[in-house]
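Shown next as structure tokens: one chain only, the form predicted on its own.
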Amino acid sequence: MSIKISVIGTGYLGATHATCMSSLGFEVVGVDVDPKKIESLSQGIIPFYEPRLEELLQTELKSGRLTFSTDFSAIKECDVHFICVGTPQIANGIAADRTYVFAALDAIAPVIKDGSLVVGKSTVPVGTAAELRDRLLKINPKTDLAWNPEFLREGFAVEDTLNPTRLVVGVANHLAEETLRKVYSKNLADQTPWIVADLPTSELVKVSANAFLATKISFINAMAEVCEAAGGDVTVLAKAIGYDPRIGSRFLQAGIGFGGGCLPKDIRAFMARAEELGAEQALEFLREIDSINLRARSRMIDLVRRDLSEDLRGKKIAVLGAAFKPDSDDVRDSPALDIAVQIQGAGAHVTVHDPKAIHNAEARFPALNYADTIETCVADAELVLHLTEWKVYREIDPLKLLGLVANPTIIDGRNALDRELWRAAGWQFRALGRSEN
């Protein structure tokens, strides 16, 4: 018998997972309480930017394997149900809001058939899966729950779903593992590492990975601060230590820090949960990681003031980048937009450009000025800030912009531009963690 799959929640994670599971040959139903999302997805339109996903969605809709609905009864014949709803930061604290996860379980538990397996993919505080499993079994004792954390990178979500670096499954019994082996049989045939864990360990894997990544990013940003004080160059330092196989070179690029809808809130929720468990001292270092990350934004503004004036009123500043990272239109907790808003709040006239995130940026910060082209953005600017490392910015010919700006000075907030190229074109070039020589 072929396995039928449902995906509960059709946001970034859910829409990606449903589409990719369909592309592997499964019959998939995506369910959400938001009729606008369902209508958009049913028409083959992804309500966010993710490379390759919309084209794949349209292909799968045409195949007939993929459907979307607001009616939870549409999942009653499915065998495996993936919960893919969000766990945002609570309004008045740093803990994760589990409301949507429990609401999703409560919505499907009375509907699903005997023998079904519910699989959580959302990033949750450790202990949540056990609570959900107990709750599920009280409602429907002939079902079970497992946990299968996601490791998607925005901009690479399709690849990460279809060809994951590893598959982690938290299970309470052998039968749940066997079901998930069938779901991921193609990946197992391709020798994808398969890690079986208990429920708490599977929950901890995702937040631990995010905490380590945040630590690595903030470490090199801390070294950038030291380099600035000592007259060193953090890019050379990063290159040198990156050759050490125990360290590696990835994510050793100093800049204005991390953002987005996952990393910041996940490390904060991890700290909150550790405190609840009485293990707060074990994660005390994450408070400094969070502080270093936010401080990188302040240091960028310090560079702006140093290059222009302590008084930014009336200064024309161009910002290249609004998304928190390239290949995404996500502006949640975007360092680029945070810096732009703070500079405008100090009285500057700020114009922002981004290849994909302008609509989302305008919706969140309508007081900023936005430009459709790089040329319009930098026109008459007294300072240009490079804050999101899109390929289109890395490929700019600085000579072509020279005649457009009022003052040819650029601050590279991502250490991604070719400093010598810009300087040779006649620009003053600044970057976090690098001397001006």
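Note that residue numbering follows the sequence shown and begins at 1. What you see is a predicted model, and the numbers here were worked out from it, not measured in a lab.
Omitted from view is the form predicted together with uridine-5'-diphosphate-xylopyranose, to which the following refers.
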Is T201 close to uridine-5'-diphosphate-xylopyranose in the predicted bound form, meaning a heavy atom pair under 4.5 Å apart or at it?
no
Does N210 reach uridine-5'-diphosphate-xylopyranose in the predicted bound form if we count a contact as any heavy atom within 4.5 Å?
yes
In the predicted bound form, does R414 have a heavy atom within 4.5 Å of uridine-5'-diphosphate-xylopyranose?
yes
Might L252 be said to contact uridine-5'-diphosphate-xylopyranose in the predicted bound form, defining contact as any heavy atom within 4.5 Å?
yes
Interface check vs uridine-5'-diphosphate-xylopyranose in the predicted bound form: of L137, A274, L152, I94, the one with a heavy atom inside 4.5 Å is L152
Proximity to uridine-5'-diphosphate-xylopyranose in the predicted bound form, single hit among C227, A348, I289, C262 (heavy atom within 4.5 Å):
C262
Looking at uridine-5'-diphosphate-xylopyranose in the predicted bound form, is some heavy atom of each of H17, H81 and P125 within 4.5 Å of it?
no
Look at the stretches 319-327, 109-117, 68-76, 235-243 and give the one with heavy atoms within 4.5 Å of uridine-5'-diphosphate-xylopyranose in the predicted bound form.
319-327
